[in-house]
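First, one chain by itself: the form predicted on its own, in structure tokens.
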């Protein structure tokens, strides 16, 4: 297939190669496409999709299994495990992956799964909080979100979440960094185009924590945000900050209807 190069405004010499034909029927990708909204799965190579589709080949499942072990492990001065309060995760956590982040009225702010886990640890288990992308945190988040596997994303953006959604939308569309680029320039304006050797996706969050072949381990959505910020030569925020929480809500909303894929596999 012939390709032609495009140059994004404000990127200088950073070139994108564009397939000459970019038409896809919705049925081509089944559940991984809802209208014009497409999962990163649809932009991945066939070999990468095959790894994700096979639970025995998907390396992210090792973290899911580790998360299940940690779920049942007592930790902290209160002598509790996650299971002590939440019992069978397949019942109590089955809607978490498709609905978070949520506005938590008791603390008056938006909360994602990682922050909720650490609040449970410090308040209820009297245990130390985990680092954001630690093995235990990635494991339990992967295990919890896996209980929603296949469910359509359905985050709420009204009520207390409305102002967070607005901030996330503003962040997504704001130019930043030395390359003067916003999230939208890659994931809206150029989704499906090539940047160097990689195909740009729509930047959906329905598969996180995602096992990236580049990382050789799973990573959080906020880790991906930091990487994107660095790539446009902008100063990244810390994981778990309000800026990234708001952005997470907006990104999850962009993927409304797409299935939870955790743990997805990407390049």
Partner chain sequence: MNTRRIALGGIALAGLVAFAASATLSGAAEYKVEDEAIKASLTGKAGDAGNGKKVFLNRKKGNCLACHVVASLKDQPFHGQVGPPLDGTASRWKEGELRLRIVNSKIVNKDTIMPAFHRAEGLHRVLKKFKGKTVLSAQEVEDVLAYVMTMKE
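A quick note: this is a predicted structure, and the numbers were derived from the prediction, not measured. Positions refer to the first chain, counted from 1.
There is another form of the same protein, the form predicted together with the partner chain; it is not shown, and what comes next is about it.
Using a 4.5 angstroms limit between non-hydrogen atoms, residue 75 is distant from the partner chain in the predicted bound form. In the predicted bound form, at least one heavy atom of residue 177 sits within 4.5 Å of a heavy atom of the partner chain. Not displayed here, the partner chain is approached by residue 190 to within 4.5 Å at the level of heavy atoms in the predicted bound form.
Contact check for residue 31: every heavy atom lies farther than 4.5 Å from the partner chain in the predicted bound form. The candidate stretches are 149 to 157, 121 to 129, 102 to 110, 180 to 188, and the one lying within 4.5 Å of the partner chain in the predicted bound form by heavy atoms is 180 to 188. Of the residues given (70, 234, 51, 61), 234 alone sits with a heavy atom within 4.5 Å of the partner chain in the predicted bound form. With the partner removed from view, the residue among 89, 117, 195, 96 that has a non-hydrogen atom within 4.5 Å of the partner chain in the predicted bound form turns out to be 195.
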